[in-house]
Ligand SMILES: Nc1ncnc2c1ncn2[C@@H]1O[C@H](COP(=O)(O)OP(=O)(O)O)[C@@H](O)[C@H]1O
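Only one chain is given next, in structure tokens, and it is the form predicted alone.
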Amino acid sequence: MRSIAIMNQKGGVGKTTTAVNLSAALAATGKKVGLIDLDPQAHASLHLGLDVLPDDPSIYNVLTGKTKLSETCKPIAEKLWVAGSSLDLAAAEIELVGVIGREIILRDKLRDEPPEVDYLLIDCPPSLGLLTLNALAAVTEVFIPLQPHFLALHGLSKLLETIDLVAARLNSQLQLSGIILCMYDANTRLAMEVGQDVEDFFQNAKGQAKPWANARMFQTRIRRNIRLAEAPSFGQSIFQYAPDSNGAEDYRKLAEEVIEERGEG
């Protein structure tokens, strides 16, 4: 099983869009996929038409109680399930403040009951708090979606610092394995320059004793596409909502790259 956290502390960069549509694209290839919505905004859940009601078990109950992850998993499509989130999750960081080992609760739950999937993706919240730490402690890989502009580069150093810290203290297996450029406009010089800067940075990092030493920037660029923005309001992935759109084409290609990078095709 490959376990991957999709993270960026900056909102609006395509994080949840990538978590949802990459999960759906991988499932469409025949891979068994699980998606954990670890964001209190529950956008990944809503994006796939899952509205967690007050009495429904959610990832909040997994982190703060004795609920098993399997009790929260809802089948969304063939080969794809989602462990849903709700606004209750926002209280988890406060409720767990005095709990010993609060950063590794999710890791322990996954070890107690390993999901029977080929890919487990986690949609992290747009922050570097306790929920994101739980995700990073539980997975072996991180994908970072980036919007190609200057502020994205500015925030990248903080992301790398967090990944480095978690790898040193909580999860020695953690690796940053992929950078995904989202909302890409090939007609702007800025997008190309930022993309080149990011690629140069990770090329220069190869061989260093860092969790991003083997990171790659995926060649697939997720282009700006209005259909990607519309799909969540219909509770559908891009493949259900607009299967012939540029957004669907881009996420299909990204899924192929993800599979091929490990020779899993």
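As the structure is a prediction and not an experimental result, all values here were calculated from the model. Throughout, we count residues from 1 along the sequence that is shown.
The form predicted in complex with the ligand exists for this protein as well; it is not shown, and the discussion that follows is about that form.
- Think of it this way: in the predicted complex, the ligand has a heavy atom of just one of I222, A215, A27, A42 within 4.5 Å, and the residue is I222.
- Although the partner is absent from this view, R252 stays clear of the ligand in the predicted complex, with no non-hydrogen atom inside 4.5 angstroms.
- Mapping the unseen interface onto this chain, P243 falls outside it, with no heavy atom inside 4.5 Å of the ligand in the predicted complex.
- Shown alone here, A248 lies farther than 4.5 Å from the ligand in the predicted complex, counting heavy atoms only.
- For the chain shown alone, G235 is not a contact residue for the ligand in the predicted complex, no non-hydrogen atom being within 4.5 angstroms.
- Figure note: of the listed segments 30-38, 192-200, 58-66, 225-233, the one touching the ligand in the predicted complex, with heavy atoms no more than 4.5 Å away, is 225-233.
- Taking the ligand as positioned in the predicted complex, the residues of 1-28 that bring a heavy atom within 4.5 Å of it are, in sequence order, K10, G11, G12, V13, G14, K15, T16, T17.
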